[in-house]
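Before any questions on how it binds or moves, here is one chain, the form predicted alone, in structure tokens.
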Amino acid sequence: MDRRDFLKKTITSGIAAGSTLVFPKMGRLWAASQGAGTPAWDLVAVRGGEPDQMFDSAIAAMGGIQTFVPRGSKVLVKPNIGWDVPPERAGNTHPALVKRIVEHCLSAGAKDVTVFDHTCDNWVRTYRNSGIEKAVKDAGGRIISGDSKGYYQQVDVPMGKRLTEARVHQALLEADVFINVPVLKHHSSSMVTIGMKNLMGVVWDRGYWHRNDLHQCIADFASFRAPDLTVVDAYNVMTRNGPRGVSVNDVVSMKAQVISTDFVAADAAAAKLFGTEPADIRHIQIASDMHLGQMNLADLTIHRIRL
């Protein structure tokens, strides 16, 4: 039995029989089944566990973190840390997931694992109150500020139609490996925040995007550098009043996670979780039209794990 067959058998044995869903909106993602003999997984969807547990299972299904993180590499982990709210408000990526990803990267021999976001609220309070600063430090990673224009360098966006240049944080420009870790949530302007939208946190001038066709700018920038891995946190999902939310009443517990090397596919799957068709999210459709990734889940090999 070769390694790939071993992984398939091991993973398949972990899938709960029946795949009955707790959350109706998640049904469409888990409705299709993995085809027999499929050579590899384009996307792994996990549900039913804690954020760190789900990542452990998902990354094992993808071949282990060493598949993406070479020994001695510099890794950027980019969660959503945009808002000064506690984890239960689901305005930011869950700190337990960020911690676990950093731990995996360091265990694979990464030389440096850096975490940052260009926050919307005060970055000191946001880093602290999101729980992410402590999670990164406890894991042995390095958390840095995104709150100074001096950290950003001007780059061209060659495929951009409305966004042809941007000032990008040097941590992304210097990274050998880029792991994007968005939280899935409602957004009043872009309908949802997922992977591509999360990339607004690596640039200096987010306001330009809002003033110049937000959806086109989101897709434009996605063409600058694709993440090596996208991990969508759907443990707790803000279903209204995004991007900041008002109270825990805006949040639904989904206990789900989506991982893919194709960030358009990850966004498409997460949109399904949210109860929305990917084509109805304009920047996902634009990114698909730009051939940046696959939004048609029927064309993907998807592995589903229930813990």
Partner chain sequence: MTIRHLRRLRIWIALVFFMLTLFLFLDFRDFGLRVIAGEVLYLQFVPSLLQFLDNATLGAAGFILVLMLTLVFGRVYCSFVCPLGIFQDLISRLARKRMANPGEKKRTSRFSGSRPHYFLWYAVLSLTVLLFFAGTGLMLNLLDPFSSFGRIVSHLFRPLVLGANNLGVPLLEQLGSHALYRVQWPVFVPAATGIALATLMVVGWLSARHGRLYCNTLCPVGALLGLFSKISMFRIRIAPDACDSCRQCQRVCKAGCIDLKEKTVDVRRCVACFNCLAACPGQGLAIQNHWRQPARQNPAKPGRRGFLIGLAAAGMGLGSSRVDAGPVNSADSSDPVDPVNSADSAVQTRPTTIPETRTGPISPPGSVSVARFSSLCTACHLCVSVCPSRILVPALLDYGLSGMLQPKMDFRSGHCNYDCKDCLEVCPTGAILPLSRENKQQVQVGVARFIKENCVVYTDNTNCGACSEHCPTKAVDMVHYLTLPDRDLLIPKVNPDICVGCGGCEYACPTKPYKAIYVDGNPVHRKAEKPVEKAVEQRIDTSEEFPF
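Predicted model only: the values in this text are computed from it and were never measured. Positions refer to the first chain, counted from 1.
Keep in mind the form predicted together with its partner chain is missing from the figure; the text below concerns it.
Contact with its partner chain in the model of the complex, defined as a heavy atom within 4.5 Å, holds for exactly one of R211, K111, K161, K134, namely R211. The shortest heavy atom separation between G242 and its partner chain in the model of the complex is within 4.5 Å. Contact annotation for T67: none of its heavy atoms lies within 4.5 Å of its partner chain in the model of the complex. With a 4.5 Å cutoff on heavy atoms, R225 does not count as touching its partner chain in the model of the complex; it lies far away. Taking the partner from elsewhere, D205 is found to have a heavy atom lying within 4.5 Å of its partner chain in the model of the complex. Of the candidate stretches 95 to 103, 115 to 123, 175 to 183, 225 to 233, only 115 to 123 has residues with heavy atoms within 4.5 Å of its partner chain in the model of the complex.
Of all the residues from 289 to 307, those having a non-hydrogen atom no more than 4.5 Å from its partner chain in the model of the complex are L297, I302, R304, I305, R306.
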